[in-house]
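Just one chain is shown here, as structure tokens, and it is the form predicted alone.
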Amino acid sequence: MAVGVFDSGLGGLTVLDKVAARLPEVPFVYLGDSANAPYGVRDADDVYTLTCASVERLWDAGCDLVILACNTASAAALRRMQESWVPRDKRVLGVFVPLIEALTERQWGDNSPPREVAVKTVALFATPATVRSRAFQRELAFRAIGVDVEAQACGGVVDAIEEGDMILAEALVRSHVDALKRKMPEPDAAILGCTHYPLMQEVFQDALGPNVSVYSQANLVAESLADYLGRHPDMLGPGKDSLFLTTGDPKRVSDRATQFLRRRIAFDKA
């Protein structure tokens, strides 16, 4: 009955933490492709190939349902995977859907015409690959009109977080927020469009100011997954054990993960 959670590195642990707390009876298998991180500087074909390989490894671990807890993979690879690669008895879901639902206050299956929503200006902070894909803007435009989105590619932030250099990560976040605010001085809302970024959420909020609503994906994904499994219990795979897997050095990744989540995390080699 296991569910897979995939990220290019350690950022997806922010999602895993919330979904595991929301669904304590479900074993989760987490796979971080740390050997190839970060994905945010790679082209779409590269992201697609790497993501497919990791998803197949999670299928082998007994996870019929895999959550791409990686915005770059969700933006650059998910649609292509779903249209031409994922077999009928498997599912691969991304992290954009719950976020779009929250912003537009409508369910994903609501195919009525786009309409005006309360939020008018949105700052999107994401990796360069996610920004290039324009996936967030595309999905939002299907459901809402009159929303101005300003995207800021946050180069270097993921690398700093993966290296455990939070001082550099904070400096980079503040620099990127300053750059965004020069283009959009007073956004209504801000999207942390990378699952690494919740680790810096307080810095984003402080730099943006108290009047900006900052949307982080982890809690939204947890509620969405609980709802999905309630409607599709057959998608719980045959795996029975919770695992942490990495394509990188297990000891180094375990130490970093323990630092992030402030509890002991032990990774095995994928």
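Computed from a predicted model, the values in this text were never measured in an experiment. A residue's number is simply how far along the shown sequence it sits, counting from 1.
Quick note: we don't show the form predicted together with D-glutamic acid, though the next part is all about it.
Contact check for A123: no non-hydrogen atom falls within 4.5 Å of D-glutamic acid in the model of the complex. The closest heavy atom approach of M200 to D-glutamic acid in the model of the complex falls outside 4.5 Å.
With a 4.5 Å cutoff on heavy atoms, V158 counts as touching D-glutamic acid in the model of the complex. Judged by heavy atoms within 4.5 Å of D-glutamic acid in the model of the complex, the contact stretch among the candidates 188-196, 164-172, 112-120, 82-90 is 188-196.
Contact annotation for 89-107: no residue has a non-hydrogen atom within 4.5 angstroms of D-glutamic acid in the model of the complex.
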